[in-house]
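Shown next as structure tokens: one chain only, the form predicted alone.
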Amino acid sequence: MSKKQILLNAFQMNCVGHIQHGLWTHPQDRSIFFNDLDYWTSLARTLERYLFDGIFIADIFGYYDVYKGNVDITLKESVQLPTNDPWTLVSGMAAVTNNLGLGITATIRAENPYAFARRVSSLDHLTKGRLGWNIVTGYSDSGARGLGYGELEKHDERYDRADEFMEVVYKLWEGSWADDAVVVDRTRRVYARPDRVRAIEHNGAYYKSNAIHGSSPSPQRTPLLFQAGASDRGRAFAGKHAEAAFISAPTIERARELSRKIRKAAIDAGRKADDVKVFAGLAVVVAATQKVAREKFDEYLKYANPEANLTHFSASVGIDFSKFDLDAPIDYGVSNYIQTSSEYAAERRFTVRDLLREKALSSHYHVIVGDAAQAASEIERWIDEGELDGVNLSRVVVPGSWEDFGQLVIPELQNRGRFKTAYGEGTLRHKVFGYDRLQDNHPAARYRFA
């Protein structure tokens, strides 16, 4: 019986410090060049050479000002500040690749659905159907202030807004133009048939729209949909909308628990369990031998900044850990931020000392250290025992982390029959699922042009 093929994304952000903070000071790290397009096109070529399924680019509106009530460490260590718009990178990376998926984050509260739908369709055309969208509701008070909303909406209300946002963009992507609307008939002087294009109507609690979608149907119509919410409300949203769910799990047991809950949410929403691919965030430090890998890991620790990692985590859960003594108990309470991160820390009763130790290298994800065989075996264990479909591979140093993985771990996984040896045909959705358009059991299908 053949084993599940492992899906693989490079997890990146349009900034210096992403998840492993402080590593920008390492002499081999090139993340300080993130303002240069060459940095991104070179990375895209590298990832495609090693057959990565995609690059998944995170984003946030706002900045991390919870720890010590200021942005001093955030700025000194460039903890996702400054950060640039990830959507500006798509055309450049698409121009130098043919198969690499491009999964980009957009925050609902920062977008207008009518304008956003056109931008997405435009890029899905330009990439020939390689676009994915990571749906984010936002969790930063500083972002809410910057966008003029005063304060962050309550956790569940953010998802209520997101549900309605999705309804509007589904109407535009799926229902405004028929598949046969564009005919490009020069003889009859008809580019598009008026009887096959219609305005959509939406009058809801958060959004109103009455207009024809500005773009004709793109290869996927709706981009491949990613989502990263793991709270009860977030899972319900993922079960309804997502095709790929991204989880942060510190252990395999936690990954399995979250994966099962997400698949159940899909079933509860009238879909199938395997309609949602589940990805876990991991970092890998690999070398030719276990000894060299451990030495490399120890070297990385010398450049890492645990306090910067704590600054990131502090903003994720909305708690200023600088107010607590190293070994004092912490009341994590009910978070309006990332609930699963807060719940896990509360379950483990983490003190500040525990958090600094836990997050010595990484602010969020488990780190695998070993030679190629050990790293491949551990990834297989996460996939199989964690009931996952893929990995979002976080970088420690750029581009070395992905080059090491591509040179050492991917051939090992290929030899075990766990990773592809060539790209499949078609759109990003077709490569992942075997079809180009959303399934009939997806809620977007109800808005299709009849």
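Note that the structure is predicted; figures quoted are calculated from it, not measured. Numbers for residues come from their place in the sequence shown, where the first is 1.
Not on display, but discussed next: the form predicted together with another copy of the chain.
A.B. asks: Which one, Ala373, Leu356, Ala192, Ala273, lies within 4.5 Å of another copy of the chain in the predicted bound form by heavy atoms?
C.D. replies: It is Ala192 that has a heavy atom within 4.5 Å of the partner.
A.B. asks: Taking 4.5 Å between heavy atoms as the contact cutoff, choose which of Val367, Ala178, Val352, Leu81 touches another copy of the chain in the predicted bound form.
C.D. replies: Only one option qualifies, and that one is Leu81.
A.B. asks: Counting only non-hydrogen atoms, choose the one of 380-388, 48-56, 410-418, 26-34 that falls within 4.5 Å of another copy of the chain in the predicted bound form.
C.D. replies: Every other range fails; the passing one is 26-34.
A.B. asks: Between another copy of the chain and Ser91, Lys208 and Ala211, in the predicted bound form, does every residue show a non-hydrogen atom at 4.5 Å or closer?
C.D. replies: Contact check passed for all of Ser91, Lys208 and Ala211.
A.B. asks: Val292 near another copy of the chain in the predicted bound form, any heavy atom under 4.5 Å?
C.D. replies: No - in the predicted bound form, heavy atoms of Val292 and another copy of the chain never come within 4.5 Å of each other.
A.B. asks: So, Trp133 and another copy of the chain: in the predicted bound form, are they within 4.5 Å at any heavy atom pair?
C.D. replies: Contact with another copy of the chain, no.
A.B. asks: Is the gap between Arg260 and another copy of the chain in the predicted bound form 4.5 Å or less for some heavy atom pair?
C.D. replies: Arg260 lies outside the contact set for another copy of the chain.
A.B. asks: Quick one: does Asp72 come within 4.5 Å of another copy of the chain in the predicted bound form, counting heavy atoms only?
C.D. replies: Contact check for Asp72: yes, within 4.5 Å of another copy of the chain in the predicted bound form.
A.B. asks: Using the arrangement in the predicted bound form, list in sequence order the residues of 115-133 with any heavy atom within 4.5 angstroms of another copy of the chain.
C.D. replies: Contacts from 115-133: Ala115, Arg118, Arg119, Ser122, Leu123, His125, Leu126, Lys128.
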